[in-house]
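What follows is one chain in structure tokens, specifically the form predicted on its own.
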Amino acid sequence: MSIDSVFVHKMWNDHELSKMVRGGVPFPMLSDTGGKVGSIYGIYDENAGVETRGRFIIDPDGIIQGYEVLTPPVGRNVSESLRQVQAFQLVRKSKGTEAIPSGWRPGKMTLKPGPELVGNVWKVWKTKMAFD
């Protein structure tokens, strides 16, 4: 979602994103002309009429699970956003029996939260994950 029109989104997807992400972005892009939603999330600068670049991952229950806010000169990584959505989906599906380490990719090893993992993440990381 951005303050750009749906027409700007279409041009951006067709001429930019589709060249960076195979098939383009796999979800709808929404237009927030006027910055109403951006104001709620604290990323819309009403005086300048612009939004700071923000990404919010909201679960099916409406709870923000992750977010990132960047100033305009720094771009976002769509692949990382998709990876994080997949990680949150896996954690949700597992009902908390799996935790996702940094850099995880679908099909790679996850962590099993529990008392035995406390203080031992480095051991699991070193022996099983470093070369995944």
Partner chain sequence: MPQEFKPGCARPTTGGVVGGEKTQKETLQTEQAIKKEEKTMLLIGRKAPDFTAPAYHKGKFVNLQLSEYFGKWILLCFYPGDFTFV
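In this text, the rigid core denotes the largest set of C-alpha atoms whose superposition between the two forms falls within 1.5 Å. Residue numbers count along the first chain shown, from 1. The shown structure was predicted, so the numbers you read here are calculated from the model rather than taken from an experiment.
If you look for the form predicted in complex with its partner chain, you will not find it shown, but the lines that follow are about it.
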Problem - Heavy atom of G42 within 4.5 Å of its partner chain in the predicted complex - result: yes
Problem - Contact label in the predicted complex: P101 to its partner chain, heavy atom within 4.5 Å - result: no
Practice task
Flag G107 as yes or no: does it have a non-hydrogen atom within 4.5 angstroms of any non-hydrogen atom of its partner chain in the predicted complex?
Solution key: no
Exercise for the section: State yes or no: in the predicted complex, is some non-hydrogen atom of K10 no more than 4.5 angstroms from a non-hydrogen atom of its partner chain? Expected result: yes
Problem - Those residues of 41-59 which, in the predicted complex, come within 4.5 Å of its partner chain by heavy atom - result: Y41, G42, I43, V50, E51, T52, R53, G54, R55, F56, I57, I58, D59
Problem - Per-residue C-alpha change between this form and the one not shown, N13, threshold 2 Å, rigid core fit - result: yes
